[in-house]
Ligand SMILES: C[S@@+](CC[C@H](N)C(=O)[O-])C[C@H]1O[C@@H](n2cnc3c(N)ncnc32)[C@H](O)[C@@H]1O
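A lone chain, given as structure tokens: the form predicted on its own.
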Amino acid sequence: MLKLYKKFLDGTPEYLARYYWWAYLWSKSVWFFDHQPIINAILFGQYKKLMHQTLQQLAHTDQTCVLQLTCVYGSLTPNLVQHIKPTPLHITDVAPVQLRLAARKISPATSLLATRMNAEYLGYKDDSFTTTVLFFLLHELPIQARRHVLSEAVRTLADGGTLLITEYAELPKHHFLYRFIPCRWAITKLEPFLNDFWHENLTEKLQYHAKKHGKHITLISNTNIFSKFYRVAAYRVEKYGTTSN
């Protein structure tokens, strides 16, 4: 059988090409998925709530230097640009097709500082950003890749910086979408790494990686959405010895 994903391996992580070429790397699918009704359907009608809550949390952060870690479909990126202007938004992704899509949504072009990088191995210096936004990235990563991304996100955040994570909540054992077996099967079939992510304690993982970089993590806000199926969490990153305000 022809392994179509191999056509998308040009500088792309193997897991991304193998499991998500049809969603993020094929130009025709990129056009298809970047329509608001499609995005909203994938998130069970919760896209606007999730985006608005993310932007509300962003309003309480230091916006001196903001990073969006990987591109996303929909209007999140233009809204981030509007919320932090005239400061440009830094954005990085490993897929050129996604970076081109993001750039088409932004005017003027100088409002977006785009780079092609693998989120597991960022080329940014330590303590580069005051706020970093991860919007539905972590659940799409295998365990080892997720560890690298969390470590890099913490490493590149400055003392007192904020990490905003919009994601699935922890294991939603009582949610009807999880309890309905055919639905749970379909979700985890399309998202092969989600089950592992559901069983992780995100705060504990972040604390572990922060310690490696001489930092510590404090959960400052956690908003559950759609009956605890999704969450928007804000973490403060501080160096050891720093006193919180």
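This one's a predicted model, so the numbers in the text were calculated from it and none came from an experiment. Sequential numbering from 1, following the sequence displayed.
Below, we refer to the form predicted in complex with this ligand, which is not included among the displayed structures.
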(message) Give me the residue from 141, 84, 158, 114 that has a heavy atom within 4.5 Å of this ligand in the predicted bound form.
(response) 141
(message) So if I measure heavy atom distances to this ligand in the predicted bound form, which of the stretches 150-158, 95-103, 123-131, 169-177 falls within 4.5 Å?
(response) 95-103
(request) Give a yes or no for residue 233: in the predicted bound form, does one of its heavy atoms lie within 4.5 Å of a heavy atom belonging to this ligand? (result) no
(message) Taking this ligand as it sits in the predicted bound form, is residue 16 in contact with it (heavy atom to heavy atom, 4.5 Å or less)?
(response) yes
(request) Indicate whether this ligand has at least one heavy atom within 4.5 Å of a heavy atom of residue 71 in the predicted bound form. (result) yes
(request) Enumerate the residues of 116-143 that have a non-hydrogen atom within 4.5 Å of this ligand in the predicted bound form, in sequence order, or give none. (result) 117, 118, 119, 120, 135, 136, 137, 140, 141
